[in-house]
Every structure is written in structure tokens, then in C-alpha cells.
Ligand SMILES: C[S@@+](CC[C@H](N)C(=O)[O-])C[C@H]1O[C@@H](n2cnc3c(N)ncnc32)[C@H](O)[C@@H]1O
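Below, in C-alpha cells: the form predicted alone, a single chain.
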Amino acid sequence: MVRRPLARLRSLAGGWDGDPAWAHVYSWSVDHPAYGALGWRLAVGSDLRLLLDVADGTGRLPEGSRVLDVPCGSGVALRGLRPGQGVDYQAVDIAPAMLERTRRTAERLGVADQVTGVVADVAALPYDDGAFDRVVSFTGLHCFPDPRTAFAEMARVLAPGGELVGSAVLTDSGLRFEPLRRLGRLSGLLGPLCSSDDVRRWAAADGVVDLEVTTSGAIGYFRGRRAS
């Protein structure tokens, strides 16, 4: 009897290899921060401004910089990219439907000429070592079936001195959010997850230094740079 409600939940939520309903809510909340900020506080106890501040960092990169956004989802991280900035922005996702949404977001923001959509698995990124000046992974690690391999791949393609930034639902963000984590796993929207200590340990092993992890509600924001 448990299987039927679980199947219905997964059908409603959708999977990340397609176009899950949650992705639409997530994108809308970022596009409408006046309302989205309240929704983030109520749903995950997090400050939406932290995500927006991280996205803005892309807009400060010089011309010729290369950015990897994985998973790009609906293009939330594109909010920081400026028209005419001259950045090579590689938007990577496993789902063609998500890449199509990213393309539409890029066109709406006037940055489509800088954005290239690529279907790829984060566990085997089709790029050379040190290819990017900035790697962005918003709400990504908690979706990946193997977050450890995903982190290693993102660090591998980061150039010396380059910045790795992202956010994820973490396992050590408090008991208050355990129902959210359990529901996420049951729906298929969340994978095995990781803790802030996991992220720090992986960073040290993969040559990402000066790592900072800031927890806001259920979500942890991390930032570090590749050792020179």
C-alpha cells in the first residue's frame, strides 16, 4: 500500500532527468525575490539573498572568462551574467528539458550569445582539466546520485586560482529540516546528500582551498578556490 502513494509523489514531483514541478517553483521564486524570499524562509528557512549574491559574482568576471554552470536547471545562476560581458558560459545539465529552459532564460536576460547548452553527466564532464575560471553549482550536490564524484569533477575542471561556488541541502543543517530531507529522498528530488564536513573534506582532497561553508536554514552555501 505504501508504494502507490510513493509512486504518486514521484510522478507529481518529476525527476531531474526531465522537467520536475519543483524546478518551476524554484525558478519563479528567484525571478520574484520580493515574494520568493518569504517562500524560501517558510519552506527551507534560508535567506534567498545569499543565492542572489553568489550569482552576482559571475557579473564581475573579466572578458574572456569561462564559466561552468552544473546543473544549470532553469538558468537560475544566469542572473549574474551581464549582456555584452564577453564570457564563455557553459550551461550543463543531464536533462534536455532543463537546457531548453536555460536557453529561454538566457534569451530573456539578453545573454544568449554567451551561453552554450551541453547535455552531460556531472560525473564525467566533457572538459579538460583547469578549463574554467568559475564553476557554479546551485542546488546541485543534493541532487546528484554520487556527490563525491561530482565535487571531484567540478574541482578537476577548475583552473588554478579559479572559484568554485554553490549551494546544497546538507544533512547537518538541523533536525528541523529532517522531514524535508526525507520527503525529498522519497520523491526522488534529493539524492544521498552530504554534510558540510563532507564538502570540506572533499575540497581538501581535491585541491580546493580557503573553503567557506555558510549554512542558512536547510541549505549550505560553499565557496573556495583552486590552489595555484
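Bear in mind that the values here come from a model prediction, so they are computed numbers and not experimental data. Each residue number is its position in the shown sequence, starting from 1.
Note that the form predicted together with the named molecule isn't included here; everything after this is about it.
- Screening Leu158, Met98, Ala91, Leu81 for any heavy atom within 4.5 Å of the named molecule in the predicted bound form leaves a single hit, Met98.
- By the criterion of a heavy atom within 4.5 Å, Phe132 is excluded from the residues contacting the named molecule in the predicted bound form.
- The named molecule in the predicted bound form is not approached by Ala152, whose heavy atoms all lie more than 4.5 angstroms from it.
- In the predicted bound form, the named molecule lies farther than 4.5 Å from every heavy atom of Phe177.
- Using a 4.5 Å cutoff between non-hydrogen atoms, Thr105 does not count as a contact of the named molecule in the predicted bound form.
- Contacts between stretch 144-161 and the named molecule, counted in the predicted bound form as any heavy atom lying within 4.5 Å, involve Phe144, Pro145, listed in sequence order.
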